[in-house]
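Take a look at this one chain, the form predicted alone, written out in structure tokens.
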């Protein structure tokens, strides 16, 4: 991993015009378990695979509520995600107290993008080793954003980050044109179908390792874990059974 003394800090460029510390942080995102996000014209959904460090530990939280209209899912270092989520919560609270309105989703994502970019420019700091998918509903409709350790933020119709996320992205790219008119239930099931493509051979989605989050025009940010995910997992199995027949 050592690259000719050009990777000692985030403020040093290599002769090829690369910042290796940022690339290393992006690799940390690829080590995290997968997260999938997708949106229709009325709702936006997150689905994620949770990991357990060992058999004696509980599963780590993957989806976090920021406000009634916004939530995030993480892939990478959970501790870095906690710092960013606390910052977003503070900004959301500040917007309500000062301006009397919910924080616009685009402004929230740009705020953490600026915060992350500062860490790639100042000596003695390191990039955040986490990627986020941010979902939210504001006056302009539902939104899905991706945040990367470089500070770049992009809006998507559907996207996936984390380990083996390319498999999920391939599924989403084939079907994203159908998402616009899907119901919330159909959107969640399709997200789970894409998420399943990221699993290792022999692994299955179940109530222990699956987390679902969604928000919409008339729906506050809702997170489902444990037995609350069973109804959607059953719909996923039913859909597969029908396709098999």
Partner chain sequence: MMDYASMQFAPTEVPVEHHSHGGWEPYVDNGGTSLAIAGKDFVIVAADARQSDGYSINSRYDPKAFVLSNQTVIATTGYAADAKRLVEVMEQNAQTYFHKHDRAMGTTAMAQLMSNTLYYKRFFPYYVFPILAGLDKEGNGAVFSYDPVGNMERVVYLACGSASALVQPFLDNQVGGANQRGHEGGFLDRATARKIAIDAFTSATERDIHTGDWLDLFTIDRTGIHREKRELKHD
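Numbering follows the first chain given and starts at 1. Computed from a prediction, not measured in an experiment: that's the story for all the values here.
Below, we refer to the form predicted together with the partner chain, which is not included among the displayed structures.
- Listed stretches are 85 to 93, 124 to 132, 141 to 149, 71 to 79; the contact stretch with the partner chain in the predicted bound form is 85 to 93, by a heavy atom cutoff of 4.5 Å.
- Contact annotation for residue 220: none of its heavy atoms lies within 4.5 Å of the partner chain in the predicted bound form.
- When the partner chain is considered in the predicted bound form, residue 187 lies well away from it, no heavy atom lying within 4.5 Å.
- Within 4.5 Å of any heavy atom of the partner chain in the predicted bound form lies no heavy atom of residue 30.
- Of the heavy atoms in residue 212, none are within 4.5 Å of the partner chain in the predicted bound form.
- Taking 192, 182, 49, 66 one by one, only a single residue has any non-hydrogen atom within 4.5 Å of the partner chain in the predicted bound form, and it is 66.
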